[in-house]
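In structure tokens, the next block holds one chain alone, the form predicted alone.
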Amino acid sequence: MISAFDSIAQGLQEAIDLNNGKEVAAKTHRLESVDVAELRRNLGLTQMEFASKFCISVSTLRHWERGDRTPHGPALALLNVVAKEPQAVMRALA
């Protein structure tokens, strides 16, 4: 049986290897980046409408659109879903 220390050490080494671009045994998922400004324009929404619809601050949206920051985590996942299935998301949030 593997000890807690060995398990943590293995996970840390996998994280380091992954960060260095090496192949790891663990399953990883990398979401595509999203051009937020283009996505918003394609939906025909203003910045205020887009931010309100997806529960993000207008300030955050502006940073994403300018490229000062990039969405990550759950926000990036949501934007990928919106980019691929916009009508389904819009219906779900109506």
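Computed from a predicted model, the values in this text were never measured in an experiment. Residues carry their position along the shown sequence, with the first being 1.
Beyond what is shown, the protein has a form predicted in complex with the DNA; the following relates to that form.
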Check your understanding: Would E32 sit within 4.5 Å of the DNA in the predicted bound form, counting heavy atoms only?
Key -> no
Practice item. Report yes if any heavy atom of L39 sits within 4.5 Å of a heavy atom of the DNA in the predicted bound form; otherwise report no. Key: no
Check your understanding: With a 4.5 Å heavy atom cut-off, would you call R62 a contact of the DNA in the predicted bound form?
Key -> yes
Review point. Is Q47 one of the residues lying within 4.5 Å of the DNA in the predicted bound form, judged by heavy atom distances?
Key: yes
Check your understanding: Heavy atom within 4.5 Å of the DNA in the predicted bound form: which residues of 53-83 qualify?
Key -> I56, S57, S59, T60, R62, H63, W64, E65, R66, D68, R69, T70, P71, H72, G73, P74, A75
